[in-house]
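Form predicted alone, single chain, as structure tokens, below.
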Amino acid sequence: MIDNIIHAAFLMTTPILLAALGGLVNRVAGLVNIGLDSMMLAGALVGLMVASQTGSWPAALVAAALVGGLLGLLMSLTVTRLQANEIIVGLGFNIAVAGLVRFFLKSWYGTSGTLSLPDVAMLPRIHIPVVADIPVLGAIFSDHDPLTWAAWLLVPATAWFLARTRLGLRLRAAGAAPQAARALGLNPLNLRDASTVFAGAMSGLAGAYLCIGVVGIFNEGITAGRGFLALAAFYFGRNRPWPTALGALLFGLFDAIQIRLQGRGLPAELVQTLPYVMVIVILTLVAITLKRARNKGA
């Protein structure tokens, strides 16, 4: 049972982690992306459609990343060029994309709510015989798909990128001191646009994962607010990749637990709130800890 919960936790962590890393880079560059959920939803639908039409999961991931990146670019241009409020724009994108998806399903497929397509290419599982039969280790390292491995490899890659590369340092400068960045000849708005495209692409991959990595179908509520869990994860991590990954894993664990509790006959409406209740609890504890640390420092 413990092995199953651990394996499910890593499964549920992947979409949160992907979107959280994208949102983290976006936040470092100076833009808080509230619209991650809309990019996940669009990526989920496009990923399923392409996986069904082509029979290729890599093509589905590429298509999902592209549509997510496009939405990210549109959102960023609205904020950086039209000077719109990033919070309002993000919320607007969430509502608009949800409505467009609903309209598309009804007009194109003649259905509403759930879309099931034939011959969907699912993400393959990588079986590692050396650890597969070892308790706990097998659940952590074996029978995961390539996108899960990629998500976790992106954690140290993101940390290195932001701390060690010229572009990473420029992104940090654009977010922390845009005036100083301009004085150095950088264009903070272009850097923010690029970071939002990256966040959109990562969220698109996260959405595609939910469809072709977990359930094999699309549902209007498939993201279930995971874009907001990703937002909470990088706030929990204070814009640092490793603590962000830890936050994503915690939220993924609670997501896996609530799914298992539903199978035990507990009310689904109540149990489904568990990950979000834990977000409030964890962020509150983090805020209290930081406040006490500041008081001691003073």
Partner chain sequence: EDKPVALIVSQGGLGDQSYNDLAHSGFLRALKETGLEGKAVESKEVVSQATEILRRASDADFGLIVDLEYAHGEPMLEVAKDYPDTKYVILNQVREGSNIASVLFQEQEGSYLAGTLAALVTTDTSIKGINDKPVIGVIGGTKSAGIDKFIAGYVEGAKAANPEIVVKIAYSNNFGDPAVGLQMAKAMIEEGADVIYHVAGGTGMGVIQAAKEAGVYAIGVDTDQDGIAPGNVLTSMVKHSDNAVETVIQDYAADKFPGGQTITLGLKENGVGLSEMKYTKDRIPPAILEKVEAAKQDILSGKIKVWNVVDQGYPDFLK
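Residue numbers count along the first chain shown, from 1. Note that this is a predicted model, so its numbers are computed, not measured. Rigid core: the largest C-alpha set superposing within 1.5 Å between the two forms.
The next section is about a form of this same protein that is not shown, the form predicted in complex with the partner chain.
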> Pick from 62 to 70, 47 to 55, 241 to 249, 268 to 276: which stretch has non-hydrogen atoms within 4.5 Å of the partner chain in the predicted bound form?
Replying inline: 268 to 276
> Looking at the partner chain in the predicted bound form, do all three of M12, V215 and N219 come within 4.5 Å of it through at least one heavy atom?
Replying inline: yes
> Is L253 close enough to touch the partner chain in the predicted bound form, meaning at least one heavy atom pair within 4.5 Å?
Replying inline: no
> Might A201 be said to contact the partner chain in the predicted bound form, defining contact as any heavy atom within 4.5 Å?
Replying inline: no
> Could you tell me if H127 has a non-hydrogen atom within 4.5 Å of the partner chain in the predicted bound form?
Replying inline: no
> Is G113 close to the partner chain in the predicted bound form, meaning a heavy atom pair under 4.5 Å apart or at it?
Replying inline: yes
>> Within 4.5 Å, heavy atoms only, which of A159, A224, V197, A121 is in contact with the partner chain in the predicted bound form?
In response: A224
> Does the distance between the two CA positions of Y276 reach 2 Å or more between the shown form and the other one, the core being superposed?
Replying inline: yes
